[in-house]
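In the block that follows, a single chain appears as structure tokens, in the form predicted on its own.
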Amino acid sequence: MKTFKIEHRNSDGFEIIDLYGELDAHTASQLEESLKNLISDQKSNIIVNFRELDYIASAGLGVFMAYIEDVRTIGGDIKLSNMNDKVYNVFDLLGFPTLYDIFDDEKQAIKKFLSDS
């Protein structure tokens, strides 16, 4: 099993969370912690980059569901980018594309933020 890792960076005022490995019941709390910290710092323009994520379980999806409203309440959004087909299919199966903006790459997500503001 691949180890899970989160890296956080800032790009032009956008908070980018890079996910690596496998996001499941054991690792979901790390993502939860990252999102909670951003929200408590009032950082609400969040892009989650899935380029290096190989697998996501329902526990990982639950974290996104748990925090999207909080982020939108403070005037922001969570946009998702760079999913492989396997990860995208899990999101798609649960109807996420109607709730979230999902992009092929980070630049598109940033453009969408800029055009929404």
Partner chain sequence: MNNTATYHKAIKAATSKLTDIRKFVAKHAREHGFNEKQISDIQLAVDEACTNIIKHAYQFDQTKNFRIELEFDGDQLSITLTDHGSGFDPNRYQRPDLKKQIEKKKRGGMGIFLIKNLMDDVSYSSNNNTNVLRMSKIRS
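No experiment lies behind these values; they were computed from the predicted model shown. Numbering follows the first chain given and starts at 1.
If you look for the form predicted in complex with its partner chain, you will not find it shown, but the lines that follow are about it.
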Using a 4.5 Å heavy atom cut-off, are Tyr20, Arg51 and Asp77 all in contact with its partner chain in the predicted bound form? no
Does any part of Ile56 reach within 4.5 Å of its partner chain in the predicted bound form? Heavy atoms only, please. yes
4.5 angstroms heavy atom contact with its partner chain in the predicted bound form for Gly13: no
Contact between Glu106 and its partner chain in the predicted bound form at 4.5 Å, heavy atoms? no
Residue-level contact is defined here as any heavy atom of the residue lying within 4.5 Å of its partner chain in the predicted bound form; does Asp101 satisfy this criterion? no
Pick out the residues of 11-27 whose heavy atoms come within 4.5 Å of its partner chain in the predicted bound form. Glu22, Asp24, Ala25, His26
